[in-house]
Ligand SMILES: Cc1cc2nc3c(=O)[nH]c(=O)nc-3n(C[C@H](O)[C@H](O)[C@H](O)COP(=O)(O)OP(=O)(O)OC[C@H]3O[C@@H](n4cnc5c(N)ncnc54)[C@H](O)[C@@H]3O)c2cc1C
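As structure tokens, one chain now follows by itself in the form predicted on its own.
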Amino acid sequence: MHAQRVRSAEVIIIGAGLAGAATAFFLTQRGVRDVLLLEGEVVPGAHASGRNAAMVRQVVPDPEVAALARQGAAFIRQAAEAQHQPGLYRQTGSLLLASGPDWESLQLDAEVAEQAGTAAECLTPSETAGRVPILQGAEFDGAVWCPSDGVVDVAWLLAYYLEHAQRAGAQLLTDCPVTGFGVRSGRITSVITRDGPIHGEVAVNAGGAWAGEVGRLAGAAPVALTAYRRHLFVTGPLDWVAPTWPFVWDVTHQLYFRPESSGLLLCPCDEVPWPPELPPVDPAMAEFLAEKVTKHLPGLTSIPLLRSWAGLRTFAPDRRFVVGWDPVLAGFFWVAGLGGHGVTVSGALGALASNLILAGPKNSAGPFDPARLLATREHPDK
């Protein structure tokens, strides 16, 4: 479909990755049929939504994010169960390792999860190694076991949101980058593509790593979003890896791994600021991973790396999500800055965003409101 065939829409969503697709899904589920998704790439999910470790993690430090993570994980489990297709969500569980003050904090995070109804058990190092033997000799003080965490088929999840939204009336235009905005008297009037303007009074910025550029293009509030490159590595076959192992994340030393095919997927949790583009692989990151593994997970030393790729994770300065109406430009709505949580929280985030869009700009998104960043910029001492 070409953009010139669509002249207007009630809600125009820029970006058809997980954030935009989930927002479209919930808007259409709640009766908004005239929704248009604009995707700059030929295929949705070409960037952060398709270049991640596909892990669903619910025990996280930020209580507001943790609440969305629990809701999002529940949505994924229920949606996968309804499909009756094994493998869409593999509830492998997770082991989160920590040392020193991080272990004290992680135990508190687990306690919050338990109080909210998500099972989270604290284990000793020996108990942890009993579940994943390769952790014998690893450097950590304890671990949290969260049995309802797991690994999701991200391609299925994205397709689930998009297909259901389209069945309910939403339209999707791919290979349709946004080139500008029509604005009159401080309000959005249209979104301009290379095929011409599409009229609408609500534009949703779900542009991922490009969200900051989209905001500047529209003349919205100066929300400072930064994208960071992160690498993932996959090994060759390893006959000692059990496919039923949980994913393991050392939150102190920032390193994780999980079973993938007949080997392992690993990440050194590198973080380098990067412009919004498809990032190349840095060969030095394989050495960085090896150094971390040798020091903190010696059982994984000298494993054969088969392939690698890099993706982008985007953050606001305070590392909280940016979800809500723009405080400067009427009709402009943000769903951005999800960092590494986009997969887990997508269902809950789409529900939150749709609620706020339907409620109108008089309501605040609370801790994720974009206005908080404008206030911080004006008053740096805060």
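Quantities reported herein were computed from a predicted structural model and do not represent experimental measurements. One rule holds for the numbers: they count along the sequence shown, beginning at 1.
There is another form of the same protein, the form predicted in complex with the named molecule; it is not shown, and what comes next is about it.
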- Do heavy atoms from each of Asn52, Met55 and Val214 fall within 4.5 Å of the named molecule in the predicted complex? yes
- Message: Can you work out whether Cys176 and the named molecule are in contact in the predicted complex, taking contact to mean some heavy atom pair no more than 4.5 Å apart?
- Response: yes
- Message: With the partner left out here, check for me: in the predicted complex, does some heavy atom of Phe140 sit within 4.5 Å of the named molecule?
- Response: no
- Report yes if any heavy atom of Glu41 sits within 4.5 Å of a heavy atom of the named molecule in the predicted complex; otherwise report no. yes
- Item | 4.5 Å heavy atom contact, Thr344 and the named molecule in the predicted complex | yes
- Among 334-342, 24-32, 60-68, 350-358, which stretch sits within 4.5 Å of the named molecule in the predicted complex, heavy atoms only? 334-342
- Message: Looking at Ala73, Val251, Leu312, Ala120 here, can you tell me which has any non-hydrogen atom within 4.5 angstroms of the named molecule in the predicted complex?
- Response: Leu312
- Can you name the residues of 8-42 that have a heavy atom within 4.5 Å of the named molecule in the predicted complex? Ile14, Gly15, Ala16, Gly17, Leu18, Ala19, Gly20, Leu38, Glu39, Gly40, Glu41
